[in-house]
Every structure is written in C-alpha cells, then in structure tokens.
Ligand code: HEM
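Listed next as structure tokens is one chain, alone, in the form predicted on its own.
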Amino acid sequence: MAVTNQRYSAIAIVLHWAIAFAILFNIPLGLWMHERAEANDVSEGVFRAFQLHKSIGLTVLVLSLVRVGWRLTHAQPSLPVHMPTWEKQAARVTHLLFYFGMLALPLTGWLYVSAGWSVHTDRPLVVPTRYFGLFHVPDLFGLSHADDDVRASTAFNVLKLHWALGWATLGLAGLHVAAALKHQFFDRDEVMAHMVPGLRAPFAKDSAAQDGARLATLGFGLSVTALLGLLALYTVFTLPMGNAPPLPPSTFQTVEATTGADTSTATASTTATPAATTAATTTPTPSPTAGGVVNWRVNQGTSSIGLSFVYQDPENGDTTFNGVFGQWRGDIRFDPNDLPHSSAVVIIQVASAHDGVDIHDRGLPTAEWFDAGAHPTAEFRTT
C-alpha cells in the first residue's frame, strides 16, 4: 500500500481543531446553562456563562465561515482507493452535515438572543450580547423591536432547533471519531493521519521532511487554540455561584435646626431596607428665598436611593434583587415651622442603576427596563 502525498493544509488543520474544541466545549456549557435556568438560577455565574457561551458561539460562526471558504478554494486529500463507494458517499454527507451544523448552530443561538424573549418565563428578556466583553453584538433582523407575538414565536421555535442541532452535532462528532479510529486501527490507512498533527499512517515507514512554514503555522495555531481553551475552562470553573450578596441596609438621618443661622444639629437614625430611599443631611446653610427655610446639604457618604425587582418564575418561585442608583442629587429646603415654603427635589440618573450582577447592570439602562436613552432622569418632588 502506498502513502499518498496529499494532506490537509496547516490552516485547515488549525481551523478544524479550533472549531471542534469550541463546539465540544460550548454544547455541554449550554446544557448546564439550560439546567440552571430551569432551576431558576439567576446568579451572576449563570449570566456570565451565558455571555461566554454566546461569545464562543459567535467565534465558531466566524471560524466556520473561514473554514468553508478555505475548503472551497483548496484541494482536500483524496479518500483511500480501497474505501467502498457507499462509505465514501457517507463520508461526504457527514462532512456536509458538519458544515451545516457549524453554521446553523451559532446562527440559531444568535436568533434566539436577538428575540429578547425568555422561554422559561414566557416574558420579554432583553439581554445585550457583548463579545467577550469587548463590544456590543447587534440583534438580527431587529427582532428585539418586533411585537411580542413575533418575539415569543421566534424564541420558542428557534431554541427548539438550536437544541436539536446541538444534540445532532454531538451525534455526528461521535460518528466522526468512530470512523477516524476505524481508519487508523482497522483499515490501517492514512485518513486519520491527514488531520492529526504528528500522527503517522500505520503502514508509513520514514517521515518525509516537514515544511518549516507548515510546522510554524501548526505550532502557533494549535498553541493559541489550547491556550484559549484553557482560559475558557478556567473561566467556567471560577464562575461565581449563588446569588449576589444583599446590599447592606441604609441609614436614614434627619437633622433639625433651631434657626436658619444655627449650625448645631441633632440626629436620629433608623435602619431602612435596601430598597428604601435614604437621605442624610449635615450642616444647613441659609436659604436666600425665605426667612426660616434653610438649604440642607446631602451627605453622599451615608445616603443612598435603592431599587428592588423580582425575577418571576411560576414553576420555581421568585427571586428578589436589590440595587442602588449610583448618581443622584437632592435639593432639600426645610423648616418645620415654615412648611409652605419647604420643599425637597431629588433628581436620579437612571442609567446609574446597578445591583452587582453584571448582566443586570448592562440591561437596566435599556428600553426593556428604565429606558435611560429616552428618560435619562427620574424626579421626586415634594412640597
């Protein structure tokens, strides 16, 4: 039996293994995420896992497009002459199905997140996609702005297809590995050696001289692939599990002044819930408007304005998240003996809302939540 001189190019080999590792890493991660979502786990770790899963999926899409382009413009090794016709046809069909899955799997995932709809709660859930935290990935076909029926229908149908493609890809991968092992150990031909760097065909005698550029490309590409794979594993195993710790209670302080010019203060403090609005004041300054009414200076160090929302899950119960607004200002003019001229105005920058969960913090300013673009501030006013 003669050894063929044909072999896959270094670029094709690097793309093959990079895509394979990414898919085989991402599918189990996706299954774990689905399990946690079904269990109503809305922890920071799960949200970070979703972002990692989406980023890896988009990487698979880009690499797969490059791989298809490379395949169309570069010759591939011929199949062994001893292979039966049906086996050659099966191999070609399997490869075509692989190419289809490599493109369709990430595309269906992208369509699902573009719909901005949770299939677990059957409610809108717009979660911006940021590619490894570097930049925002736009939605496909403006789905997040479609009506609720379109978004819900798209999300449910596309997720089913995404799920089926994941399992089908795992099945194809198993078949692909089994076929490669058959060629190596039973047929004893060069098929597996064409794609595995450093592997020799069972009947090969002496290795031919290796092209230096080819070795450099293989070494660099596979090293980067292995490094990124280890980084992804490290990210998964260091994901923070459990809900974010509750924010500490705020202290509400009231300050009473005997006269507008008196700088002495008397304070009374009580503990409030994290969602309560708190305002601490220090030394009053005379007001230019009314005789007894004075301006109060807000103590930003001990004051906060909180927010609270509930993640609803009819099957597994609700989870409450507490957060705060990071930027706000207060204009308090008060005299207990001159209430008609007293007032308080608080202006809140709604884009500064955060609760310590990264994916929430990015979503709170969007139109699905506070819509900071259209309504940058919220105002509380009392007289």
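Since this is a predicted model, take the numbers as computed values, not measurements. Residue indices: 1-based, along the sequence shown. We call the rigid core the largest set of C-alpha positions that still match within 1.5 Å between the two forms.
Note that the form predicted in complex with ligand HEM isn't included here; everything after this is about it.
Stretch-level contact check against ligand HEM in the model of the complex with heavy atoms at 4.5 Å: of 302-310, 108-116, 142-150, 179-187, the positive one is 108-116. Taking the partner from elsewhere, residue 330 is found to have every heavy atom lying beyond 4.5 Å of ligand HEM in the model of the complex. Within 4.5 Å of some heavy atom of ligand HEM in the model of the complex lies at least one heavy atom of residue 162. Contact between residue 48 and ligand HEM in the model of the complex is not found at the 4.5 Å heavy atom cutoff. A residue is said to contact a partner when one of its heavy atoms sits within 4.5 Å of a partner heavy atom; residue 194 fails this definition for ligand HEM in the model of the complex, lying far away. None of 221, 166, 77, 80 but one reaches within 4.5 angstroms of ligand HEM in the model of the complex through a heavy atom, and that residue is 166.
A heavy atom within 4.5 Å of ligand HEM in the model of the complex is found for one listed residue only; from 324, 58, 346, 350, this is 58. Shown without its partner, the chain has no residue in segment 67-92 with a non-hydrogen atom within 4.5 angstroms of ligand HEM in the model of the complex. Comparing the forms between this form and the one not shown on their rigid core, the Cα displacement of residue 349 reaches 2 Å or more.
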